[in-house]
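Below, in structure tokens: the form predicted on its own, a single chain.
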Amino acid sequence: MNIVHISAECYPAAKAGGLGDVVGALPKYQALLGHKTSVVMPFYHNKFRNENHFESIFTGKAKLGWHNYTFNVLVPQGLDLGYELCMIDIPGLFDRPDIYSYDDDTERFITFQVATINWMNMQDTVPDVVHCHDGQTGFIPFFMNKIKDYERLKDIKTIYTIHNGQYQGQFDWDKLHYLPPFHSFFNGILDWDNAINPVACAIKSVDKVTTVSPSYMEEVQYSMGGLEKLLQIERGKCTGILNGIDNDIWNPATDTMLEKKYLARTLVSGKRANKDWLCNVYGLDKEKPLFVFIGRLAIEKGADILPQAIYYAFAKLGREFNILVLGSGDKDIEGGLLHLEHQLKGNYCSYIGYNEKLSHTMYAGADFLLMPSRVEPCGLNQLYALRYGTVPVVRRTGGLRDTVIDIGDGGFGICHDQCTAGDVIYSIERGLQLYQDQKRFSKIRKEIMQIDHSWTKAASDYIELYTK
């Protein structure tokens, strides 16, 4: 089977969150199952561009309204990712370092989709399946099915995966001319709530819709930024498939980013070495249990309650533990976290920014991972934590509900129901109680390292869906 994935992100080329990890791993594991896989994404002028060499394999034109853009399809040289990575270079739109948050993101990603479909339409052979990821690729199935210029592609099966349904990229109808010409009869496919909505368009146009966990598929039927009714109508073609993690990258036995690698049988010494390094660097007491938060400092991640939860956790429970935060995002949240450092010096520190090595070392050195998410379609952080023998402390939502079982229910994690400071503080207290029982704590940590959350099963589930 020839499978093409289309996405705004793909690790290691560009990553802002879990979408990049998924698109960087799923095609590799599908290829291991014997399929031809490729990823098409924009070519950003970032670190990946500066560190690699690229070959141009196609040059074409992409029209955005009255503007014509020249684009090149570039393939990195000398990299073995396990799949073909094709990057669309559009000077004037993507020759910038960041993935999102530009004022012309609507124009950027529409042009990317037009360039992608134009290139696909010119190839000698077409794929069996086109798998689109999130709103930045939502028009692709519509182009394939409803636009005469792409009639050659209309019989290709299409899949659309919702990684985060809150970001829909809708825009006003005065920008309709940005899209390639099509019969006005199909305007209704683009429309939702009197706006052009690429996510709604994708849901209406594709053969199958997936979310990145079964629980998230249930949740979006009732909460998805206004698209709930549409998903209820289309639920017959919807399914949830739980993400996996790439065990080649996330493996404490081989992870070159760690201070010390370890197996389950050497967990104590391995985690101790990584914890010692973290505590030395950030001025924390290495003899105390360490809780960490890793991720975007955004309301969806529950990060807005962190400053209050951290302050009152120490006020209530004493200074018998440490907290280390890694992330960036909302400036008010960043400021609140930084403000705590002087008051809680010796027990708390924060790193505002992105640091891949530090994140790996935190998963390895921490005792507990905090994830008080309001929305968590799948969540990968808790899976990384499990792989590294770190106990997840999570809110029961989305994929967190599917992957973490509370210790009170015979499981291995600590779960709470609400995204409140009080729930986080109570969960930290439960974590401290578990930590005091070192025999049980050690047993849990060794057991969770053996849980298989690799991409092998998820890749097989997607292949089965494609086949159907």
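Since the model is a prediction, treat every value here as computed from it, not as a measurement. Residue numbers run from 1 along the displayed sequence.
Separately, the form predicted in complex with adenosine-5'-diphosphate exists; it is not shown, and the next lines address it.
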Only hit among 271, 301, 395, 131 for heavy atom within 4.5 Å of adenosine-5'-diphosphate in the predicted complex is 301
Tell me, out of 156, 340, 231, 326, which residue has a non-hydrogen atom within 4.5 angstroms of adenosine-5'-diphosphate in the predicted complex.
326
For residue 355, is any heavy atom within 4.5 Å of adenosine-5'-diphosphate in the predicted complex, or not?
yes
Taking heavy atoms and a 4.5 Å cut-off, does residue 12 contact adenosine-5'-diphosphate in the predicted complex?
no
Residue-level contact is defined here as any heavy atom of the residue lying within 4.5 Å of adenosine-5'-diphosphate in the predicted complex; does residue 359 satisfy this criterion?
yes
Answer yes if any heavy atom of residue 363 is within 4.5 Å of a heavy atom of adenosine-5'-diphosphate in the predicted complex; otherwise answer no.
yes
Residue stretch of 375 to 383, 119 to 127, 223 to 231, 176 to 184 approaching adenosine-5'-diphosphate in the predicted complex, non-hydrogen atom distance within 4.5 Å
375 to 383
At a 4.5 angstroms cut-off on non-hydrogen atoms, which residues of 288 to 308 are near adenosine-5'-diphosphate in the predicted complex? List them in order.
294, 295, 296, 301
